[in-house]
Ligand SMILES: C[S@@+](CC[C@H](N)C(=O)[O-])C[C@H]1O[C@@H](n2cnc3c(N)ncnc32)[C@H](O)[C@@H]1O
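To begin, one chain is listed below as structure tokens, in the form predicted on its own.
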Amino acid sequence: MTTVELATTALAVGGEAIAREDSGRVVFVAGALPDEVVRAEVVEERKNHARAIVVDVLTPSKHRVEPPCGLVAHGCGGCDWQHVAEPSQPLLRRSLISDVLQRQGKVHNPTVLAGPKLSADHLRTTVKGVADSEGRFSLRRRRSHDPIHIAGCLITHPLVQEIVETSTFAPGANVTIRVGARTSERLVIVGPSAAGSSVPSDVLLVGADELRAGRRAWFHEEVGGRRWRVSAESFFQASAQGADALVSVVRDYVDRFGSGAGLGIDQESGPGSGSTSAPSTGSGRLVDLCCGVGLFGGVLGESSSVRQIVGVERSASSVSDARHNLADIDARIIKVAMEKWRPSPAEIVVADPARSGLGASVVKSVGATGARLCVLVSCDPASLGRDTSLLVDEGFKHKSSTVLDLFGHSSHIEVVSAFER
């Protein structure tokens, strides 16, 4: 492998630092921060770019610290920002999102806010890993498929950590641990089967083969003043505090920018304005796109200004959970992929897609609802930049983005953005 000395300048979307060789070729440097001089090993070379990994820091950034978790020194690949000072992590995330919104999203001088402050430690209530040769729950070593046992992990919730430290599984088994931090309910899914597994007596253990055969298994969590059933195969946020923060920001944006949504026609979009957007006749309808178990719809559906929730979700287990969780409000849950969703009139659209984001066809469908407000939850900066540009082209204006620090010690970024027509 080639070792090179590089001066870094900025952050890339994936959390790596950006540098340029003398030839002008861009190098993405894992383990580096902006404004550093590092010695790095090149691990991938392409015509227009290369990737490298830090082997020595010659001139450190002011944001650099020694990793607080000892597992990093042993090669654990669970957290890629342990070298970033905890107070600096939110600053770097917001800087990256501001840059993405301007460069890709075509937003001049975007408003980018900090979300509710969350601890970086001991919040994670869902972890996925593999059993090592001794049957212990493990994560993968950095840049390797080899397992590393994570006793004493800095980011896992204590209810998760107890399972990590006291359970055994068949070597090589895939293991997912999920807990309800506020209900103390715990669920472990083991694949290909739960044979050979030993977990604490209060933990619900289920094999992946049992789920495929139709067995139902779930745990409960409490967020936003409601109790949520979350099935083994349903998505839910990685911590209760993180889910609370997301709900709080989404609700704030709906309250701030959605108050006029029921007016139907924007005075600036009336006859002669040149706008081709259809007026909304949704009569208080809110579309919860990629609704999961119904988190946003359930909380927002209790608002006096929202008369009906229409949830759109492709996962069968999440649809079942959403129908159960929202049984007490006026909610209709549609099982369909968002790309095949046929839009109907609505005042507000809240969307929480996967990392790939909405894309052009779904943004068109959002526009076809006539909604005055779209609140987009993004978990990938690149898809946020693209979707922002698409929403702007569809006639929406970016009002504000709030960056949430749901995954401390990680370059993963969660953003809630409000777009008003």
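So that there is no doubt, residue numbering starts at 1 and follows the sequence shown. Everything quoted here is computed from the prediction, not taken from an experiment.
The discussion below concerns the form predicted together with the named molecule, not included here.
- For the options 130, 338, 206, 299, the one in contact with the named molecule in the predicted complex, meaning a heavy atom within 4.5 Å, is 338.
- Here is the short version: of 380, 352, 394, 36, the single residue with a heavy atom within 4.5 Å of the named molecule in the predicted complex is 352.
- With the named molecule omitted here, the record of contacts in the predicted complex names 289 to 297 of 113 to 121, 164 to 172, 212 to 220, 289 to 297, defined by a heavy atom within 4.5 Å.
- A residue is said to contact a partner when one of its heavy atoms sits within 4.5 Å of a partner heavy atom; residue 315 meets this definition for the named molecule in the predicted complex.
- In the predicted complex, no heavy atom of residue 89 sits within 4.5 Å of the named molecule.
- The named molecule is not shown here, but in the predicted complex it comes within 4.5 Å of a heavy atom of residue 237.
- Interface residues of 38 to 61, taken as those with a heavy atom within 4.5 Å of the named molecule in the predicted complex (partner not displayed), are absent.
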